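What follows is one chain in structure tokens, specifically the form predicted on its own.
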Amino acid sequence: MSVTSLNPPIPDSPAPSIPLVLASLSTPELADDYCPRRARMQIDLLLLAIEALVIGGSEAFLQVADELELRDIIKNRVTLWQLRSTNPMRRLGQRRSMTLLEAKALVAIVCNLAKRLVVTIRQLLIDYQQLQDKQIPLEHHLRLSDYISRFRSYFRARMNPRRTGAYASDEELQQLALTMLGKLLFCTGTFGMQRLWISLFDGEVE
């Protein structure tokens, strides 16, 4: 009797199904199945900007993960923290990387929440431009000032200053906060999620 007959081959495990919301996101041709460094940074900063806009943002991330049926990927708060900690600027980095599927799930969450906040985001950007045109300090706009203050605070609490040299000053962090606000608005339009996803890999694929 052959060994094969005693130990029949174990059938391959079925490939995990892709949640419907992620089906429209293409898979870039990379050297492996992991999310590049710049993309991981951008995703975490977009999530940080949402947290600066909404009190209880981290709870909202998990709630949206439920709604979009992404809990097989973003299982709980620990998983979310581990994925965000793949941002190389973080104080407590992760050795593991972020897979493209995990990155897609986080992008779906970012875009879903950005759409819910689109009125606020657009108004803040309009108000910022008006303040600039009239040369009025941002401190005169309570909500915009609060957003930037919270963004700075979260950034400095979570990022390693030795890895964030470009964002050392208040002015640099203010500009980063405004840039992230613009990116959130960018992903609220038609095909916004797909456009944001593709933009994360600019320069990474040919």
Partner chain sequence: MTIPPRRYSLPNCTLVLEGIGSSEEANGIVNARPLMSMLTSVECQLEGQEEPLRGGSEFFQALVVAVSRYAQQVLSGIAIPPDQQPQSQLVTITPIALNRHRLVVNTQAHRQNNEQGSGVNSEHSRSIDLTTVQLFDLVEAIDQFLADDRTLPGLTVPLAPVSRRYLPDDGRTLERTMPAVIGISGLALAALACFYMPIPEVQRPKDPIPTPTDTEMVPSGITPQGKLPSSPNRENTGINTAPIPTVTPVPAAPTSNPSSSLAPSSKDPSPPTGVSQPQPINPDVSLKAPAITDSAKLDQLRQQLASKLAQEWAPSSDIGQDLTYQVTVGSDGAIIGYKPVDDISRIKEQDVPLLNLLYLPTTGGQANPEAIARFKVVFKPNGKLDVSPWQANP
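Numbering follows the first chain given and starts at 1. These figures come from a predicted structure and were not determined experimentally.
What follows is about the form predicted together with the partner chain, which we do not show.
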Is the gap between residue 179 and the partner chain in the predicted complex 4.5 Å or less for some heavy atom pair?
yes
Give a yes/no on whether residue 185 approaches the partner chain to within 4.5 Å in the predicted complex, heavy atoms considered.
yes
Please check if residue 58 has a heavy atom lying within 4.5 Å of any heavy atom of the partner chain in the predicted complex.
no
With a cut-off of 4.5 Å between heavy atoms, is residue 164 one of the residues that contacts the partner chain in the predicted complex?
no
In the predicted complex, which of the stretches 122-130, 85-93, 69-77, 100-108 has residues with heavy atoms within 4.5 Å of the partner chain?
122-130
Partner-free chain; cross-checking the partner chain in the predicted complex, the single residue of 141, 37, 158, 152 with a heavy atom within 4.5 Å is 37
Could you list which residues of 163-200 come within 4.5 Å of the partner chain in the predicted complex, counting heavy atoms only?
175, 178, 179, 182, 183, 185, 186, 187, 188, 189, 190, 191, 194, 195, 196, 198, 199
